[in-house]
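Only one chain is given next, in structure tokens, and it is the form predicted alone.
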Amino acid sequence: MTFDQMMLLLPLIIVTATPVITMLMVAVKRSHAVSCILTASGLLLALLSLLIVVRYPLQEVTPLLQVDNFNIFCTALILLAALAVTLFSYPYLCNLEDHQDEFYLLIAIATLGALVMVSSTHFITAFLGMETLSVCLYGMIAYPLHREATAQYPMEASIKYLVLSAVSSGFVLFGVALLYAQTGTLHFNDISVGITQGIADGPGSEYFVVASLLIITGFAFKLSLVPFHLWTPDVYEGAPLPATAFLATVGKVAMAALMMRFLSVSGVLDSPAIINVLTVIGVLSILGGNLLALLQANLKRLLSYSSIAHMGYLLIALMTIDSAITGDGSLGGEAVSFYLTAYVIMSLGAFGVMMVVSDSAHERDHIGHYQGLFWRDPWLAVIFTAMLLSLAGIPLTVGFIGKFYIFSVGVETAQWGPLAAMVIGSGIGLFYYLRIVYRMITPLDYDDPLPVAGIRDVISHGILLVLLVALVVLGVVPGGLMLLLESVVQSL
């Protein structure tokens, strides 16, 4: 490996060193503040190191990892989300009846797994990244197990995620094994050649359709797409808020980016059967996620079903990735990247407000907890309302622009079924998002004081302000980001 290649891996090296240094510090003396500072500093340093990476010629670093503009963009998005969750976690965990340091180790190692996933062009590194991320999430979800109140829910959520994540990994491995048996390669770029030769000289196209669908099924588990979504509401509800926020942002971005790279170069989207299956999954996710969210009074469960619907919207654009790369005018690649950015902003903002008014001893995760929020804390109410309206796709927000680009992709590729589901689902979503806003406006007829913001909450409120500004600015003038995403997608 050359020096240039080593420098291209600088973010991965820094994120790898971060938990090691933090563990050494914990061995010397446990300090919640020091562990948080070290983890946040490592993630920030890895983010800044991208300024060095772009100065070197972007290339494939061994056959396992690819550093290009798409990788750099996804790396920056993941590091920003992980940094925000780390800083949100500090005030949340201050009252935890247990050691807090290990939670930051899990965040750093899980972030490393996510970075490996978005760098992967080979199933070996893709699987290692997926399992590194998943194993850390098991611990993050069950972290407040020794809390006196509701201690059963984190363990239940962690076991459900462990079992179903293992099932999804089994689907991926089985599909990869079938592809390798006929193509003799695990590299994404070589699979399309192997599939073409296999169809001509081997078992035929049906064999490769089954193998590809097994892999896509495993990816769909991680993205919470219907009918592989059953773990999502229980895991979201049982996990502590920082773990839920991490799973909803970093976990989804890493998996969507990996799926986007796989679909763009493997040629599996050339099969009409796979397109038909993805269309059905997308429609079911949009309608099922939005309809089930109507029944929820728990905010974490509501946002979990909302995320299912949003991943369904994303799938509309993912199905056109191949045509976007080949340059027939489709906006698929740019739409996916923009929507991922919008989704991270909206999800971090919504979960961030919940973390600011909660702690490990008392999570405010019921809609009733936010009744009268406009009168009790107007600042948080404005931010929460902006995030919810953006999730609903109201104009002048980043969520509206994201849905607009996806709708444009659907029109361009004549996906009328998914588009009809998107329109219906967006209408349904508007109802349950506005229901939360209505409860925040309704005055509270009993005393339920919110936690008083102190010095340790300053950074959390600052992050919320940055997210609010990003939501509005990208919703009003998205052109700059879209120009950037054009070059990002062309590098795939």
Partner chain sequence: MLEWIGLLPAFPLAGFLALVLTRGSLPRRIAGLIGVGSIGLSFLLAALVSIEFLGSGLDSHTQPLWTWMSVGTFTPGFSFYLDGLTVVMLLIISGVGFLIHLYSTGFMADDPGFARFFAYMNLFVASMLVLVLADNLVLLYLGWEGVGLCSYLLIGFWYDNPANGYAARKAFVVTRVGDTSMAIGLFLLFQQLGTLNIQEILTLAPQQWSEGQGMAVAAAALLLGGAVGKSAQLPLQTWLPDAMAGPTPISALIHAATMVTAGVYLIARTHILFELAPSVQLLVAFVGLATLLMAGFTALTQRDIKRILAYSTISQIGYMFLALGVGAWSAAIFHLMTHAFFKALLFLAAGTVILSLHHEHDIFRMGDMRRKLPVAFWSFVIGSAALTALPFTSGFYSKDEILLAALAHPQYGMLLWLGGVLGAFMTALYSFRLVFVVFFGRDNYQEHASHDTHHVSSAIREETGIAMALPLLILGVLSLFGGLIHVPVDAVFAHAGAHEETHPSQLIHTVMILVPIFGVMISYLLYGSRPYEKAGQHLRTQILNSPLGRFLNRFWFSGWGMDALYNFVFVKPFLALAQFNRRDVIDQFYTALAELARISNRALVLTQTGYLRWYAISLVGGLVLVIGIGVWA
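Everything numeric here is computed off the predicted structure, so don't read it as measured data. Numbering follows the first chain given and starts at 1.
Form predicted in complex with the partner chain: not shown, discussed below.
Site annotation in the predicted complex: the residue of V210, A361, A76, V193 reaching within 4.5 Å of the partner chain with a heavy atom is V210. Not displayed here, the partner chain is kept clear of G113 by more than 4.5 Å at the level of heavy atoms in the predicted complex.
The shortest heavy atom separation between Q371 and the partner chain in the predicted complex exceeds 4.5 Å. Taking the partner from elsewhere, E206 is found to have a heavy atom lying within 4.5 Å of the partner chain in the predicted complex. Not displayed here, the partner chain is kept clear of D270 by more than 4.5 Å at the level of heavy atoms in the predicted complex.
Contact check at 4.5 Å (heavy atoms) against the partner chain in the predicted complex: all three of F221, G288 and L292 pass. Partner proximity in the predicted complex, defined as non-hydrogen atoms within 4.5 angstroms of the partner chain, places exactly one of 257 to 265, 345 to 353, 76 to 84, 230 to 238 at the interface: 230 to 238.
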